[in-house]
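The chain that follows stands alone, in the form predicted on its own, written as structure tokens.
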């Protein structure tokens, strides 16, 4: 079983550390994504052959979240590190875990080439429409009109261009015969678990999988519970939640 390890808090102190408090900010979606991924790994009984790589950003806090072999990489370099691992040992199930900046900005070239080559791995991109760890600046996925630290009046697409849509980009360049591409959301964890299982099954069959997960960042969004949920539903309207590429025979 993939044990979800005791987690140090965001601001460590002895009492919180003893209690195993979450290391993520209150309300952050990363914990939900990671726990759902752990369930999928357990469902498929692949813990002992899984290698998990995480990027710099909020995603780096996941490096010891699960009891699997893990590696932390430089920003934007998680994808090549993981396909390097799987090329060295094809029996490995490699997972590259990153944010929208690590996957669609500094790491975009690695994601594109891994997808084109059909590397045997799963790339997970958590999309919360901002650079969360460094204070909430505009990211590649920031939505039109969205206010961030670097777009205080809202994102102006005539100046910055339109938001990047990872799943659409990847699905347009892959070989559909050996690829799984989907966008899921933390608003439906049962569906996300099935998505992860399909993606991992595709990797076990030698294919490349990409899953973009719409997530939440209430600290930088400056939203309460109700507004956070509303923002996520708005994201789901802008970033279509569906399977984009799925070959036959994958079970969720």
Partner chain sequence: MVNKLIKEDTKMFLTGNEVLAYAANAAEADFMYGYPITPQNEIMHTWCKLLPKTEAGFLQTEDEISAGFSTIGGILAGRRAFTATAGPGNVIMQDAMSMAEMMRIPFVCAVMQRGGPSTATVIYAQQETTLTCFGGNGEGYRIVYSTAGHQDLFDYMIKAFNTAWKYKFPTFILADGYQGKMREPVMLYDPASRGITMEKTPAILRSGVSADMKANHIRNTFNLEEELMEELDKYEEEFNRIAPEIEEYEEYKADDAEILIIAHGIVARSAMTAIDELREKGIKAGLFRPITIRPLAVKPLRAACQRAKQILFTESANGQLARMVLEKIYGITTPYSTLYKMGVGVTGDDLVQKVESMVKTPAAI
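All of these numbers come straight from a predicted model, not from anything done at the bench. Residue numbers count along the first chain shown, from 1.
Only in words, not in the display: the form predicted in complex with its partner chain, which the text now covers.
- Every residue of the trio 66, 75 and 81 has some heavy atom no more than 4.5 Å from its partner chain in the predicted complex.
- Looking at residue 204, you'd find every heavy atom of it more than 4.5 angstroms from its partner chain in the predicted complex.
- When its partner chain is considered in the predicted complex, residue 101 lines it closely, a heavy atom lying within 4.5 Å.
- At the 4.5 Å threshold, heavy atoms of residue 87 reach its partner chain in the predicted complex.
- Contact between residue 56 and its partner chain in the predicted complex is found at the 4.5 Å heavy atom cutoff.
- Shown without its partner, the chain has 85, 87, 88, 89, 92, 101, 105, 106, 109, 110, 113, 117, 119 in segment 85-121 as residues with a non-hydrogen atom within 4.5 angstroms of its partner chain in the predicted complex.
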